[in-house]
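Have a look below at one chain only, the form predicted alone, in structure tokens format.
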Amino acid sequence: MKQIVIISGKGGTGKTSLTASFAWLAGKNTVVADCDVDAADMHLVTAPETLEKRDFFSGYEAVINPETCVGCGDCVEVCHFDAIEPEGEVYKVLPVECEGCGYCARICPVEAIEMKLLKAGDIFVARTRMDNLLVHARLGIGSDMSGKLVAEVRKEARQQAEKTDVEYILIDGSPGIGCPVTASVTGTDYVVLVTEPTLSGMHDLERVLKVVQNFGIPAGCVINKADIHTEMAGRLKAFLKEQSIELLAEIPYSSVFSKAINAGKSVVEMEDPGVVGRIKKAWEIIIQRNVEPEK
């Protein structure tokens, strides 16, 4: 089993559209993991039918029992997050402000404060219209546990892949270089970088490549909208060559990306030979040259 992660240094490069296309091409031979948990949208083009759903718990939240609280105010004095306020003669915790550190519970003289495990989201296992499994998640409102949720999504995806004996796990990672990206990349076999020929595209490609190189994972790159700025595209190619990163494809700008999203389809299901052919070729390169499963 090989794990392929698709990431980008910035949003809007076509990362998810590319991942959905790879998922279509791989078919039942893959499990797809949507690890862009802060803005999951793979379900928009895969039409998943939920098979399993479970709660994701991470972190703690302080809860004050009003019947036990004596209104001493010790908890207010030690809370660095202003998460506790008076409610009549006792106190209550503001859930959105609470960081779950537990200091208030430690100093409460009457043990009126309980640290409760916090539900931070939901994890789903679904069957897609592409005849493969999709593991995706919904992060709870205000939750900052996206990195941990990504790790759980990947763990579930691996278990599903082992259970169904597929050859690939396709991971749609988050944009940027934060914790969700690190959690998406760690332990994978190959990274597909998606960028665009703009100044921000170049800058963010350089940043995310440093993350990948820190893990020592082989990588290739797709330049999307390659014809909107040919000079910058040339600079991107020179940079990739300098860094020994294989150029997987140069995809021209095309409205087929937005049309595919509106139709609830992957790009390779649309009629655009120029774009579709390049995406298919990129997938062939990934399989044949880089991440061919062990026999």
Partner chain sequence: MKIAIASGKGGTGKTTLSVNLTAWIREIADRPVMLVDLDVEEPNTGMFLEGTVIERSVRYRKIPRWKQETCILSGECAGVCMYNAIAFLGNSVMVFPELCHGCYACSDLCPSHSLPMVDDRIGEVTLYQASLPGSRKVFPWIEGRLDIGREMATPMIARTIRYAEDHGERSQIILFDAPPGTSCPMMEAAKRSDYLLLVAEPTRFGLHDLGLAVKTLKELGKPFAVVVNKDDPAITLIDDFCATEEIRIVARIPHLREAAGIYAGGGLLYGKIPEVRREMEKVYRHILEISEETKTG
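Everything numeric here is computed off the predicted structure, so don't read it as measured data. Positions refer to the first chain, counted from 1.
There is another form of the same protein, the form predicted together with the partner chain; it is not shown, and what comes next is about it.
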- Task: May I ask whether 44, 146 and 228 all come within 4.5 angstroms of the partner chain in the predicted complex, judged by heavy atoms?
- Result: yes
- So which of 39, 238, 51, 70 gets a non-hydrogen atom within 4.5 Å of the partner chain in the predicted complex? 39
- residue 74, heavy atom within 4.5 angstroms of the partner chain in the predicted complex: no
- So in the predicted complex, does any heavy atom of residue 213 sit within 4.5 Å of the partner chain? no
- Message: If we define contact as a non-hydrogen atom of the residue within 4.5 angstroms of the partner, is residue 118 a contact of the partner chain in the predicted complex?
- Response: no
- Counting only non-hydrogen atoms and a 4.5 angstroms cut-off, does residue 278 reach the partner chain in the predicted complex? no
- Only one of 84 to 92, 163 to 171, 149 to 157, 202 to 210 gets a heavy atom within 4.5 Å of the partner chain in the predicted complex; which is it? 202 to 210
- Those residues of 86 to 106 with a non-hydrogen atom no more than 4.5 Å from the partner chain in the predicted complex are 96, 97, 99, 100, 101, 102, 103, 106
